[in-house]
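First comes one chain, alone, set out as structure tokens in the form predicted on its own.
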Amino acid sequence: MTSTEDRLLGPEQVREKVAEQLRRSRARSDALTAAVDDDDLVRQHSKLMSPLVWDLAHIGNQEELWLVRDVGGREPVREDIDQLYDAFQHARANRPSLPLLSPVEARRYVREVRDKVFDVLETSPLEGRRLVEQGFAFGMIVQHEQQHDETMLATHQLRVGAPVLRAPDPAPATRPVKREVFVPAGPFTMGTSTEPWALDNERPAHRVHVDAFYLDTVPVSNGEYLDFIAAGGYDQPRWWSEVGWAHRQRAELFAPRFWERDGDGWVRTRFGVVEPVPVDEPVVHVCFHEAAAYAKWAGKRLPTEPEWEKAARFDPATGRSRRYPWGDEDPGPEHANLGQRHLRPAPVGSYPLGESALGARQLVGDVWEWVDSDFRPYPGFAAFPYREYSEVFFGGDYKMLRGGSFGTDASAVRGTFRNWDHPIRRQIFSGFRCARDASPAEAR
């Protein structure tokens, strides 16, 4: 374990960390955009997603706005394109019709911006202003790029054509796990006031009471979800909320997205590869309504956001909340399936070294997990450094997702990290695990 003070870095250490993270995130962006030709880069593969070339130039534009102009106080590189790459001004469905930078222009632009950012990084004092303390603005941009890299990875999943991405498969799970873990009643510290690169919706740290409950040790698997389908789960409104059932009918849902019947079995398409559905992997590409219906069919429910975070972070031996389920050290390949290292979730029961203090596994990585909470601010929330990151989304039609996926980078997920999306979304790498209330006898 390390204290918050131990994790605070001096200016030169911050510079080294930021430079490494900037290079790593750009290498991923380059790989995702170099994997396809220019026609694919400008094409819209789904109205839910931007063309890949828009994401690339948007990454550069945000970097220019915050690091070149604000932190660095430099002259604009391309002030004329700000409006084109403002996500709030143009819906994704409309972005292909905009006069976007070509792939050649976009690559040139992001290189020019990055060169200036490294100059800013070398000269910034990294202190005296909240925006730059511990390299926050640089960390915000690193996370922004990695978040868009995951979005681009989701676009690759929606792309039709021959496979273009390659990665080794994760190792098989080595040992079975118990079905549930017990989370005791009581308060815990949710959120953070000390994590240097935590975003505004993760703040501030505050005490939350959670009643005793049981949580599935691992995410729901494809094999378990197949049982729900075989039992007629998609055909019986009793398992669905009223809103969920209306959506199931309207969208004609019958299985997770990218699944198709193949005789008596099922196949899925994964980054252009058609393969039998692997029964031992966490189910992925399900919406909130599907997750909630499965949980009800199974005699359980989805956990709330405070329940999920307590199960992930609370250490009953010390009474404190960890940074990650396994402790305070940054994620390594032994802890979780992150960073597009594999192009699929690892089998359920994997990563015993990533286990939480309470015994749950795979709470970070593999699949984003739907939880039954709306996107709300924490008590004492203050928007920083701009309202549009979180505040404008509060109170909307959003459900929370926690924990990250195989496509999430370690820099863009932690025990306090909060993600949100509309409850009908399935193109994201979303799965879930179930919870249930503890009986009075069990809660003792």
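All of these numbers come straight from a predicted model, not from anything done at the bench. Residue numbers here begin at 1 and follow the sequence given.
Form predicted in complex with a small molecule: not shown, discussed below.
**Student:** Hey, of 296-304, 215-223, 140-148, 93-101, which bit sits against the small molecule in the predicted complex at 4.5 Å between non-hydrogen atoms?
**Tutor:** Heavy atoms within 4.5 Å of the small molecule in the predicted complex occur in 140-148.
**Student:** Just checking whether Phe394 would be counted as a contact of the small molecule in the predicted complex - the rule being heavy atoms within 4.5 angstroms.
**Tutor:** No, Phe394 sits far enough from the small molecule in the predicted complex that none of its heavy atoms falls within 4.5 Å.
**Student:** Give a yes or no for Asn61: in the predicted complex, does one of its heavy atoms lie within 4.5 Å of a heavy atom belonging to the small molecule?
**Tutor:** It does not: once the small molecule is placed as it appears in the predicted complex, Asn61 has no heavy atom within 4.5 Å of it.
**Student:** Find out whether any non-hydrogen atom of Phe384 is located within 4.5 angstroms of the small molecule in the predicted complex, and reply yes or no.
**Tutor:** Result no; Phe384 lies far from the small molecule in the predicted complex.
**Student:** Can any non-hydrogen atom of Asn419 be found within 4.5 angstroms of the small molecule in the predicted complex?
**Tutor:** Asn419: yes, in contact with the small molecule in the predicted complex.
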